[in-house]
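Starting off, we have a lone chain in the form predicted alone, written out as structure tokens.
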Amino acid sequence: MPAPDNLIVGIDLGTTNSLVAVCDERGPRALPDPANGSVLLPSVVRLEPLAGGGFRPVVGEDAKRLAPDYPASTFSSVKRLMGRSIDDAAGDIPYLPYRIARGDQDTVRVVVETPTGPRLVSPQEISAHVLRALKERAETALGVEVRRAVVTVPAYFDDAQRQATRDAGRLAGLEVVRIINEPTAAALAYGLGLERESVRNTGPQLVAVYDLGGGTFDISILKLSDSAAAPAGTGDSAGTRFFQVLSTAGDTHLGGDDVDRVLVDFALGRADRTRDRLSPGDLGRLTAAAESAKRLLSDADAADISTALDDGSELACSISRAEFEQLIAAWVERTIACCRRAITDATRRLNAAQAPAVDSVVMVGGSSRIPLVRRRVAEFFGVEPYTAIDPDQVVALGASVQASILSGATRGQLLLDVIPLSLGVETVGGAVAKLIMRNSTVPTRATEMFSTSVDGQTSIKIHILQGEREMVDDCRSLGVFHVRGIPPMPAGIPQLQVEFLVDSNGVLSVSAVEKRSGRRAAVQVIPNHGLTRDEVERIERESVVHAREDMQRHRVVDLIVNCKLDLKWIGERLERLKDQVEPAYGQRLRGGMAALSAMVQAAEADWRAVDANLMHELKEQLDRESIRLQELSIAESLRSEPPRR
């Protein structure tokens, strides 16, 4: 399959659903599943253990539909676990039907049961299965190999979570050429939406992008403006459209999943039950029923939450929209508080005396459809939300626009994004000196001079931190490195210049030089809670080392399925037609079936125990031998048909 050098797709890797989109001469469009036509791929993965080790991933709708039947091996909402420590995820664990364990460096791992015992798998590996399915969907739709992608993340994802997203893309066989914030991607799609509707405003516009998805919430304030001057030498009178992010705020632990949990607790309370009395399957089915009720309440005045439990009883209750809105009122107000903070930051960025008026509010994410959410957003910003673009697709469409810009296919648009959290270093006494402030436009660079606090110090530790608090204990550690070999000098004499550089992907590089001695050190920050480079390289290396073995296993698994079907069909017809089959012929068929069945049983016990070529030959021999039986079956079917008039 050819791989065009300039093809870059846009991917929205969501908590609940994921999408892939492309922007070409037809404009941006989400690519559908060829099987069912849906552009949404549920971000759900079931890992089916294979005999002898390994897993077969089932991704998307099939995994979601059967999740209550396989609660321990079906993984959803893993985006909430990406790049987080086990302590960060403590609030999620009671609500997850699958098991969580502590991995290296206190990272979150999901537990997958296998015939040889439990195995720990990272959230990045789970997400890689979703990304790989999207990659294959795009290749099917476009007829070419897809190697590069722009992937979106919540604006408030920290460096560890962004690194985890890059790792997931790499494991899926994708080069993530750019990571952009989801609200920023939505603004790009919004800008195109205005052009299509012929309502483009040539003056600057202040746009709020309210992004409430399944697991995360973001609010970004952007300034959309058009350059009056055309780029030199192009003769393009349209000039360039600028998308400048002024501020961003949000919560990586606030989304539609929380509403589902509120409804689950409501239903349990009505039934006088507690969560600890539910099996994982019960919890999965009840959560699915709660999600269905949530969707119904966007249009209906009441909905039922009902599910059968493993003990044979039924849990059922009704909830009105008024009750629902009362339950989620505090949850909605948390998003409004973030909006207020973003407006304050944007006002400061514009050096305005008072908060500027927002011209438009773009709604993003499935949870933004909730009527109470839309009412409160309209009340806060004083403008009716813009809903002309499907909130489920708008982020992926915007990502494809950015991909098209990077590939050179789309011109005349410039995206200016920001970093979500301040970056700095530890100073004496456990304080934090911030070098780059949050909402700084990327790419960005900052330098600061430091010195020693102890006489004769020959090594200086650089502790890199991320956060808005003033003390180290209240911020997140991103890494530590040392500048060594400094000549002994009195305290305060060394001159240490520290430089922070954040590229357009939000990747932080830190360097330091002691000016008097010339000693240098540098590091590209690898967050403590992402996969380490060694882990990613190990996973990639294993995929190459075991490629032949994996393909052989895949072949044996496919043969098992096909052989079982042949054995079933031949056995049924032989039993039905035994009076018409010559004894010698029947004996030959039964002998071939016994030999193939024995090989199938051996393969199911251990795929390595069989010769795939021999298994295939036995199947082919039996198929050829059964042709006479198939002819007898067809003849009997024709005789049994009623005569036509």
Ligand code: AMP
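A residue's number is simply how far along the shown sequence it sits, counting from 1. Just so it is clear, the structure is predicted and the values come from calculations on it, not from any experiment.
Unshown form predicted together with ligand AMP; subsequent notes refer to it.
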_Selected contact from K223, R166, R553, K294, since only one has a non-hydrogen atom within 4.5 angstroms of ligand AMP in the predicted bound form_ = K294
_Quick check on this chain: which one of G467, P97, G366, G191 has a heavy atom within 4.5 Å of ligand AMP in the predicted bound form?_
G366
*Just one of 211-219, 77-85, 376-384, 262-270 has residues with a heavy atom within 4.5 Å of ligand AMP in the predicted bound form, so point it out.*
211-219
*Classify I370 as contacting or not contacting ligand AMP in the predicted bound form by the rule of any non-hydrogen atom within 4.5 angstroms, answering yes or no.*
yes
_ligand AMP contact at P420 in the predicted bound form, heavy atom, 4.5 Å_ = no
*Verify the contact flag for S517: yes if a non-hydrogen atom of it lies within 4.5 Å of a non-hydrogen atom of ligand AMP in the predicted bound form, no if not.*
no
_How about G256 - does it come within 4.5 Å of ligand AMP in the predicted bound form, if we only consider non-hydrogen atoms?_
yes
